[in-house]
Structures are given as structure tokens and as C-alpha cells.
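Next up: a single chain in C-alpha cells, the form predicted on its own.
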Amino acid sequence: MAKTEQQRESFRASLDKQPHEVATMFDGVAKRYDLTNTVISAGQDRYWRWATRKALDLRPGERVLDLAAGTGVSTVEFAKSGAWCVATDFSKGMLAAGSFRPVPMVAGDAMALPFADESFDAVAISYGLRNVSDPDLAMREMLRVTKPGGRLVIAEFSTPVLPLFRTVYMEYLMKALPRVARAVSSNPDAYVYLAESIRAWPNQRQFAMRMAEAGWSEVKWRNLSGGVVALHRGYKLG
């Protein structure tokens, strides 16, 4: 039986990240997703998107896959470089919410991308890999669709580097973030999942090792906002 609009807007995925559950949850937050992100990040989301574009080092005419693009706000940021950028997400509700944006949008699963081998000069995924049930398979799929010499940039919530700040941040995630989400989100329960999934995600060094194991080379990372977010970059050699 199909879920009603009200059910979707109160739905929360579990940490085993079944694809249909995650897609349903994001369908439920789509209407106010961008606003909620700006509020809960105190406006830093704009800086994080800019930093991700800089890390991609895009050039006019390049082909770029923005994976887990949601409403396409990050895709528009990347397109400022003059590159051709396509937004891909498996939540049709998110893509519909961003359909007014002037970028191509394609529904697709990160674990089985609907693109040919070596289609893109660069791939980006921002705050989405954490929601995939098999992130390692997804990173291998990203490698498949990237041209030799191409690069991948992953922006993801990570582990603050200073112990005191890390303690305060984790307290915010589990207590304050869900309360803030209740005031602005169309699906506040989803932000309980968000907090839990961030806490369960590997730290910067652990994740860099997983990127390398998936086949990416010269993997490095840069911390943003004290490690609240980490930008990991790798290249496809050969």
C-alpha cells in the first residue's frame, strides 16, 4: 500500500538504510529541505557548497555528476564553473522540489548508476553517501562512471578534531538538532536519523582508507568548520 503524504512526512529510516525507507524519508523532507539545512548549519551550508566546488577544480566544458543532489542546489553551485552538471538522486520527491532549477535532473541509485562507463570528468556527492546502504559499492560505481584522470569529491559530516568541541557538537546532534528541526522541517523525525547516522559514520582517516579500498588513488581530506564536515578527494588513475 502506498504511503500517504502525512505518513511520508513523519517517516524515519532505520540505520540499516534500506533504500525504499531512505527514499521515503527524503520525499518527506523535500519541501523544506534547503531551508532546514541552512537553519541547522547556521548558514554554513553555503560555505560548504562553495568549498566543495573549489575542491572539484572544475573547468568549462567538463562533465560533472552531482550525486545525491537532492533539490539541485549544489548542482547549481557547481555549474557556476561553466561545467555541464547533472543532478542525480533516488528521491523523486527531492528532484521534484528542485525542478525549477536550471540543471538537468535524473533519478538514479548510487549503487547502480544509470550512466555509461567513463562518462564524467568529476563526481561529487554531498552528505548523501552516509545514507547509502552499501557506500563501498557506491564508491566503486562512481569510479566506473569517471574518466581516467578524473576525480571524486565527497563532502560528508565527520568528526570534529578538538575534543571539547567534539563533545559539544555530539551533544548538539542528539539533543538540540531534533528540536531545531521540529521548528522548520516538514519531517522532524528524519533529523533524529540524521544525528544517529552522523555519529555512526567513520572518522576522516577511516573513511579515507575506505575510499582507497574502493579503488580511488591519492586520497586526501580537508576539514571544514573544525571537522564538522570533511572534504575527501581522490583520483581515478589509469
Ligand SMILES: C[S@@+](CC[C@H](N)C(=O)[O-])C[C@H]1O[C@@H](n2cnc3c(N)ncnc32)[C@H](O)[C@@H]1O
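So that there is no doubt, residue numbering starts at 1 and follows the sequence shown. A quick note: this is a predicted structure, and the numbers were derived from the prediction, not measured.
Keep in mind that the form predicted together with the named molecule is missing from the display, and what follows is about it.
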TODO: Indicate whether the candidate residues 26, 33 and 108 are all in contact with the named molecule in the predicted complex, with contact defined as any heavy atom within 4.5 Å.
DONE: yes
Open item on the list: Please tell me whether any heavy atom belonging to residue 142 falls inside 4.5 Å of a heavy atom of the named molecule, as the geometry stands in the predicted complex.
Closed with: no
Open item on the list: My question is simply whether residue 22 lines the interface with the named molecule in the predicted complex - judged by any non-hydrogen atom within 4.5 Å.
Closed with: yes
Open item on the list: Taking the named molecule as it sits in the predicted complex, is residue 37 in contact with it (heavy atom to heavy atom, 4.5 Å or less)?
Closed with: yes
Task: residue 56 within 4.5 Å of the named molecule in the predicted complex, heavy atoms - done: no
Open item on the list: Within 4.5 Å, heavy atoms only, which of 103, 97, 73, 83 is in contact with the named molecule in the predicted complex?
Closed with: 73
Task: Heavy atom contact within 4.5 Å of the named molecule in the predicted complex, the stretch among 84 to 92, 144 to 152, 115 to 123, 161 to 169 - done: 84 to 92
- [ ] Scan 127 to 152 and write down, in order along the chain, each residue with a heavy atom lying within 4.5 Å of the named molecule in the predicted complex.
- [x] 127, 128, 131, 132
